[in-house]
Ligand code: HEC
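Below you'll find only one chain, the form predicted on its own, shown as structure tokens.
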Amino acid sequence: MSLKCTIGLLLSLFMFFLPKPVMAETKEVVSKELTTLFRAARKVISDNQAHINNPDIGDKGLSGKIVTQKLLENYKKASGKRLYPDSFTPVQEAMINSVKEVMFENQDLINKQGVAFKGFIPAIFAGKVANKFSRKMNGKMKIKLTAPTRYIRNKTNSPDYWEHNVIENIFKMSAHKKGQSYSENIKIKGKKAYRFILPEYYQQSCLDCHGTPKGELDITGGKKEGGLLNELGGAISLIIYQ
């Protein structure tokens, strides 16, 4: 047997006998990284919402490059881990490129003078990034924003059965540790998948649109849901198909 064949056989045996917990842990690590990156990117838009809505300023200085720098800073604060552009994994790069593309495509809107509210809010931004990322992954991964049913405004973000069950019967339970994610290996239409979902809680900035008084119109023209500070208001859901 040639050396090349021997090495190939050894690699095959290694992958075959790789302990399942290690493989599961890898999916969990990837899921935590991606959802944290996704959240870190959205936070850039949230932190700059008033700046984006300023009708007196043209160039807001929020290019894809600048937003990437800021989201990596947010990621480090949230995870304690620094990511470097020259060492992005393919999945991380797909997420970063999705952010850059959304920012590039919306520069004219963001920089438009004479207009205050432009409709470019964190939820819209995140939805656009999620769609681009999911397409880039060619059916291998899918990410989305979702929320408790009563807080859903965009029907495309409605929780599916699995998400709804986790939100209502796990995240809302008093025994559940606040902020703790949940994951599970299941089948989706007969296809094996690893599902990961990260709960999100209303921060003060969220309440401008989702707070009280319930029914009052917010800046987007939607009705406030009556959400409260630190209440479970949403979740980031990720699927990794196997």
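Everything quoted here is computed from the prediction, not taken from an experiment. Numbers for residues come from their place in the sequence shown, where the first is 1.
From this point on, the text means the form predicted together with heme C, which you will not see here.
Student: Among 70-78, 149-157, 168-176, 98-106, mark the stretch whose residues have heavy atoms within 4.5 Å of heme C in the predicted complex.
Tutor: It is 149-157 that comes within 4.5 Å of the partner.
Student: Would C206, H210 and T220 all count as contacting heme C in the predicted complex, using a 4.5 Å heavy atom cut-off?
Tutor: All of them do, each having a heavy atom within 4.5 Å of the partner.
Student: Only one of I121, M137, L83, I110 gets a heavy atom within 4.5 Å of heme C in the predicted complex. Which one?
Tutor: Checked against the cut-off, the match is I121.
Student: Decide whether G234 counts as a contact residue for heme C in the predicted complex under a heavy atom distance cut-off of 4.5 Å.
Tutor: Judged by the heavy-atom cut-off of 4.5 Å, G234 is in contact with heme C in the predicted complex.
Student: Any of the heavy atoms of Y194 lying within 4.5 Å of heme C in the predicted complex?
Tutor: Y194 lies outside the contact set for heme C.
Student: Heavy atom to heavy atom, is Y182 within 4.5 Å of heme C in the predicted complex?
Tutor: No, no contact at 4.5 Å.
Student: For A94, is any heavy atom within 4.5 Å of heme C in the predicted complex, or not?
Tutor: It does not: once heme C is placed as it appears in the predicted complex, A94 has no heavy atom within 4.5 Å of it.
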